[in-house]
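First comes one chain, alone, set out as C-alpha cells in the form predicted on its own.
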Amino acid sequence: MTVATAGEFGLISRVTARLGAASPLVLLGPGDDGAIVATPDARVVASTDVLVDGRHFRRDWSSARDVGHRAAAANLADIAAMGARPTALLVALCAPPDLQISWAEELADGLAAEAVKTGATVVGGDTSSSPTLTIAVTALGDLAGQEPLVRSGARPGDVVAVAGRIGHAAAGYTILSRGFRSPKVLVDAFRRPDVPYHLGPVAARMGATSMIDVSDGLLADLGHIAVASGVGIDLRRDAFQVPEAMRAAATALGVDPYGWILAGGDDHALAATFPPDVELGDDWLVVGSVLAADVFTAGEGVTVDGRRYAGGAPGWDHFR
C-alpha cells in the first residue's frame, strides 16, 4: 500500500498509532490543531532540522527506522547541547505519493524509539505530497532551572572536552559511498547516532561555559564557539584514540582517519568548554584548550597542535 492509497488521514492515523505513550509533560498529544506540552521551567528550548532524501540519507543505505533514529537524534542532540532535557518532537513528512506506507510507519517507529531514550514524545506534525522525500523535525526542551549553555560563553583558559563517539559516522559514510558495507560498527554509526543526551544537562550543572553538538564536524562546530566567544581553540591530535576498526578502514580506503575525527559530522557528540578546575570524570575526553584572542586571531577557526588544519574542509557545508 502506498501513502496515496491510504490517503493523508489514513497515513496520519497509521503513523500516530505507532508513537507510543506520551511523556508526563505532554498534556495533549496528536489529534487536535496543536499539541500542548507543559513547560515547568517557563522557558522552552526549540530546534529544527531537515533531512532530504539523497542529500542527508539514502534509502538503499538505511532503513526507514534508521532514518527515523537519525532525524530524531539530530534535533534531540541540539536540545541536549543547550543543557536542556528534550520534551517533545514535531515531525513534518513530505513524501512522494508512491512511497510505501510501511516505510512511513517504520520511520515513525525509529522516531519514537530515539525520542523515548530522552523521555521525549512525538506530539504532532504535518504531511504533504512532494516529489522529494523530506523529513523536518522540531524538538522542544526544558532547562529545569539551569541557565542555557550558549556558544558565546567560552573563556580563555577553559579546557575543551568531547563526550560521545567522534568520527565514526563520517567513516561509515565514506565506507558506504565506496560501495562497501563493513566494518559494521562504522556503517551502523552512520545509520544511527549514539548520542549521550543525558550529559548535556549534566554538563550545565558541572559548570560548562559553552557547548555544541558535533553535527557538521568537530573543527567546524568548535569554530562556531570560537567566533561567538571571541576566542581561539587549539586541539591536540594525540588526544584522540583511533579505534582499530576505524584505523583498518582508513588503511584499506587510503584515507587519514583523523580527517573523520576532526572534520567528520553526524555523530552528534557533545563538545563543551569547562573551567580548568572542573572534575570531568570518564564521560568526557579533554582534547584541547581555549586561547585568548591575543594568542589566536579570534574568528578565524580552530587550530590543531597550534597550526591551521591542512586536511581539507573543516566540516560539512550544505551549500558548498
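Residues carry their position along the shown sequence, with the first being 1. Note that the structure is predicted; figures quoted are calculated from it, not measured.
We do not show the form predicted in complex with another copy of the chain, though everything after this point is about it.
Contact annotation for R165: none of its heavy atoms lies within 4.5 Å of another copy of the chain in the model of the complex.
At least one heavy atom of C94 is located within 4.5 Å of another copy of the chain in the model of the complex. For T127, a non-hydrogen atom is located within 4.5 Å of another copy of the chain in the model of the complex, even though that partner is not displayed.
The closest heavy atom approach of D32 to another copy of the chain in the model of the complex falls within 4.5 Å.
Here the marked residues L27, V150 and H224 all reach another copy of the chain in the model of the complex, each with a heavy atom within 4.5 angstroms. Remark: of stretches 42 to 50, 282 to 290, 252 to 260, 62 to 70, the one touching another copy of the chain in the model of the complex is 42 to 50 (heavy atom within 4.5 Å). Contact with another copy of the chain in the model of the complex, defined as a heavy atom within 4.5 Å, holds for exactly one of A189, V231, V160, I212, namely I212. This chain lacks the partner; the member of L176, L90, V116, M206 within 4.5 angstroms of another copy of the chain in the model of the complex by a non-hydrogen atom is L90.
Along 130 to 165, residues S130, P131, T132, T134, A136, T138, L140, L143, P148, L149, V150, R151 each place a heavy atom within 4.5 Å of another copy of the chain in the model of the complex.
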